[in-house]
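We begin with a single chain expressed as structure tokens, specifically the form predicted on its own.
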């Protein structure tokens, strides 16, 4: 991540939340963090257990860069972690950008009415059913929504990006009585960060990727979670000065075969 300022910043306090943690499905190792300008970073966790670093750049600067590298061994389990009772209750209610409006409620009712035995289905099966519908009826298109676009607004447009797919699916799952949350992460290839959904099924968080119409597997690296996208923002800060700013984020995930696969 790089941030360019048209004028020098006198000082800046930052929070960076893009550090994966190990769980049942993934094992993270060899984490290395570099920053320009250099500063002492402190480690912490937010209310959802997401790891982040925070610090201060007190000297004037017109450029800020953050680089994170590491290794991820994924696909060790079919689920990410076990769900606590508090999580099950918290993520059963819509919040902010996932609150459903008339369009999403109508869409959900159509799915419900056209699916025999819907109430008896497991949460993960409901998620897969609704994911399939959304994937086939919602269009992926960049630059038609923004970070503040709600699930209802995206549904009215009928198109959007991974954030919109995730918000809509969360809204639908909660209408179906499931506990669901927003997840940020990385996938194999080069580009930007990605977003998907986790749903509680038999006491465990299962990842569902509606943008790619798939259950999360060894191609996904999980970073953090929240009730909506704004609770998973990669970087936030307070600065003095700086004028206009431009941000650039790039992601590269390279797959390496194990020794056993090579042999």
Partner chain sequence: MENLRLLEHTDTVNSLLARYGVKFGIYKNGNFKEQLFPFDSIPRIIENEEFNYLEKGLKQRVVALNMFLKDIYSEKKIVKDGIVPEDFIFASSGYMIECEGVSPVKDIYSHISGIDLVKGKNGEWYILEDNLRVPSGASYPMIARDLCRKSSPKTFADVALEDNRNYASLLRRTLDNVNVGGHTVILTPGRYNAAYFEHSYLAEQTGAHLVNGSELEVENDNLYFKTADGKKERVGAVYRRISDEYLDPMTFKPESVIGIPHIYDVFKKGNVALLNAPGNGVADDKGIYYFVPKMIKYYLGEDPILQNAPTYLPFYEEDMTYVLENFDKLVLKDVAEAGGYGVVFGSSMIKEEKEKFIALLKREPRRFIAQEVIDFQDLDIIDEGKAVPRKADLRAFVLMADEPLVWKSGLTRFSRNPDSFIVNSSQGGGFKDTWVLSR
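Values in this document were obtained by computation on a predicted structure and should not be read as measured data. Positions refer to the first chain, counted from 1.
Separately, the form predicted together with the partner chain exists; it is not shown, and the next lines address it.
Picking from 139 to 147, 85 to 93, 182 to 190, 155 to 163 the stretch near the partner chain in the model of the complex, with a 4.5 Å limit on heavy atoms, gives 85 to 93.
Looking at residue 54, you'd find a heavy atom of it within 4.5 angstroms of the partner chain in the model of the complex.
In the model of the complex, the partner chain sits beyond 4.5 Å of every heavy atom of residue 23.
Contact annotation: residue 67 falls outside 4.5 Å of the partner chain in the model of the complex, judged by heavy atom distances. Contact check for residue 238: a heavy atom falls within 4.5 Å of the partner chain in the model of the complex. Site residues 42, 48 and 231 are all in contact with the partner chain in the model of the complex, judged by any heavy atom within 4.5 Å. Contacts to the partner chain in the model of the complex (heavy atom within 4.5 Å) from stretch 1 to 38: 13, 14, 15.
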